[in-house]
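The chain that follows stands alone, in the form predicted alone, written as structure tokens.
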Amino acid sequence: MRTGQEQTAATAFAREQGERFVEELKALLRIPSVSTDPARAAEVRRAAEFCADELRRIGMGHVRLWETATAERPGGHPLVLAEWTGAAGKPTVLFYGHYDVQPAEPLEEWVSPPFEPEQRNGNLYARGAVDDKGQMWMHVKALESLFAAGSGRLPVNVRVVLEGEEEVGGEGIAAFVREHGDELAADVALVSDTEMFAPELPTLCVGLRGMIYTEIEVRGGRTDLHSGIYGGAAPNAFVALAQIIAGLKDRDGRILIPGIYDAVEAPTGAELEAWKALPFDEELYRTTEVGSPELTGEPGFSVLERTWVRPTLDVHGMPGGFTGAGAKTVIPAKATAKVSLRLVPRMSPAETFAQLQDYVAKLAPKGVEVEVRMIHSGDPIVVDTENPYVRAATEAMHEVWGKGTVFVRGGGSIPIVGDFVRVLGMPTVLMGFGLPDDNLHAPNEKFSLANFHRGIQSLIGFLVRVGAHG
């Protein structure tokens, strides 16, 4: 079958089976595969088995679960691996996705239950709808459509790796890449875990910030103490922690850690000009996406620069002390804060962590001991747009949307993408179909059903083009 006919037949199959594809996705979304919750470990495994069964059914070979749990890390969730290598002489594409999801809380803010998918206003609402079950399912359905059109054959060789720990740092897959990277050998990795810049605007993400996620623990007295008896003499761990956190950034949002900006690489002039041409309304962004009285951040940089190409520091939680109803006059002996930094190209997670540790030690007031622990990290990346795989993606998306593709960067992190680039030397195409208002990690997460179907068609076009030019 000629290339054009193969794509036409696969696209027709995807359209005919579109409703079934959505019902299958709903079944996957009903599985509460929350990787951060040890009580959900069986559900996470059930989601892995669901994906493995479907890959096996559509025609992928050597489908198996790879256990990532070890004696040192007993809570590891399995990888799903599969491959089809029957396209002799053609490139190999590595499909990556994740089947784990964020916690759904606060539950009271959901219009419909987070694990009971509901279609409303052209969207599918559920936890994981867009991040990343819905987008990962597009990969599976694009492969199924091509298998159907090609009588059991694909235009390229394919390897698939799906992980269940993306939302908790991806330690399992990172170890697999280091120790068994040859099993993922490919010419290009394809990732759909990003978003389009705006509705109806085909987008390729060509850069991601890295990150370090840490805990800062402050210890004062040997045990909690009565503030009436010991107040004025005993150090308060929470006060000390607050003083440390206050010293990490100034009021304008500039990070005060010495040397933190030394390695920051500025975007090119061409990138900055292209971003100015994007349909971005700062006031609409503030009111509809952020919802705060005003935006904050480093002076002298646009919102897109601050969220895409500048390092940031955020505090995510401060567990500890007394938080129950009523009053308890306690001086906490210990206080902890979860603190992350987003990193941009040229910044090293290890070096940034060392800078944070050194500075926190200097900020610590007398009377307390401080420890900074690394929870997980990921490298920042920038994708070279001058490669045939990016061109294949832009052509495929243009064909489906009828518009030119824009290149953007992403403020978030996908840790494994840095490993694909750094460890495996593999270019990565970040071809996502979410939208800015899809509520990732928030209540009422959704995925546009139109984008789900057009995403499948775009992925079909991408794979056919890679096969034709390989």
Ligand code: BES
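Since we're looking at a predicted model, the values are computed, not measured. Numbers for residues come from their place in the sequence shown, where the first is 1.
A second form of this protein, the form predicted in complex with this ligand, is not displayed here; the remarks below concern that form.
With respect to this ligand in the predicted bound form, the three residues Ile260, Pro345 and Asp379 uniformly fall beyond 4.5 angstroms at the level of their nearest heavy atom. Checking His98, Arg127, His77, Lys141 for any heavy atom within 4.5 Å of this ligand in the predicted bound form turns up a single hit: His98. The contact with this ligand in the predicted bound form, taken as any heavy atom within 4.5 Å, belongs to Thr194 out of Thr394, Thr194, Thr336, Asn123. Proximity of Leu440 to this ligand in the predicted bound form falls within the 4.5 Å heavy atom cutoff.
In the predicted bound form, this ligand sits within 4.5 Å of a heavy atom of Ser413. In the predicted bound form, this ligand lies farther than 4.5 Å from every heavy atom of Pro365. Among heavy atoms of Gly169, some come within 4.5 Å of this ligand in the predicted bound form. Across the options 159 to 167, 351 to 359, 291 to 299, 180 to 188, residues that bring heavy atoms within 4.5 Å of this ligand in the predicted bound form belong to 159 to 167. Interface residues of 205 to 232, taken as those with a heavy atom within 4.5 Å of this ligand in the predicted bound form (partner not displayed): Leu208, Met211, in sequence order.
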